[in-house]
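A single chain, nothing else alongside it, follows as structure tokens in the form predicted on its own.
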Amino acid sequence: MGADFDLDTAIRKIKGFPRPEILFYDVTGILINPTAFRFCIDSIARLTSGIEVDAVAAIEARGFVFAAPIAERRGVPLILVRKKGKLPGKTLSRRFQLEYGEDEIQVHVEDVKPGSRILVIDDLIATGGTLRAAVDLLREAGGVVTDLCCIIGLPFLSYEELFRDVRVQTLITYNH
């Protein structure tokens, strides 16, 4: 398995979910295919190998699956960014707009060490609302976030406009 693996074949495209006008790019096709999953983890590791990190942050829920192996390979903590009400203890919160609604995420205050360099990983970046909120939340907690890595990018939704201060890398992009 190398750079010639066709990741597109493992990503399910579901028309009309969660709304009729949406084409949903589903990473569960990657997760049921060990070759595709390994390709993604190896590719993220390669793409981010030159970035100094003290921790990896993962966005609930599919981001957990891709970020955990990277944190383990790097020998750094995994910080969970979760939906409101899922973390016990003292948390910081951030509300944000989604493509089709509003949400709130949280992080444990004690999980983010002041000045720690954090790589944020998620499965997909569309309009960038969730990831922007995560970057801002981690920074509010004292972390330094300069890089994001996602499996899928949808640049036609203009997420780059939200991330002039953060480098965004994706394994595959779709322009429609």
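Since the model is a prediction, treat every value here as computed from it, not as a measurement. All residue numbers are counted from 1 along the displayed sequence.
Although not depicted, the form predicted together with a small molecule is the subject of the following passage.
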query	finding
Touches the small molecule in the predicted bound form: residue 62 (any heavy atom, 4.5 Å)	yes
Proximity of residue 143 to the small molecule in the predicted bound form, heavy atoms at 4.5 Å	no
Contact label in the predicted bound form: residue 126 to the small molecule, heavy atom within 4.5 Å	yes
4.5 Å heavy atom contact, residue 10 to the small molecule in the predicted bound form	no
23, 122 and 130 all contacting the small molecule in the predicted bound form, non-hydrogen atom within 4.5 Å	yes
Option from 24 to 32, 66 to 74, 111 to 119, 40 to 48 whose residues, in the predicted bound form, bring a heavy atom within 4.5 Å of the small molecule	24 to 32
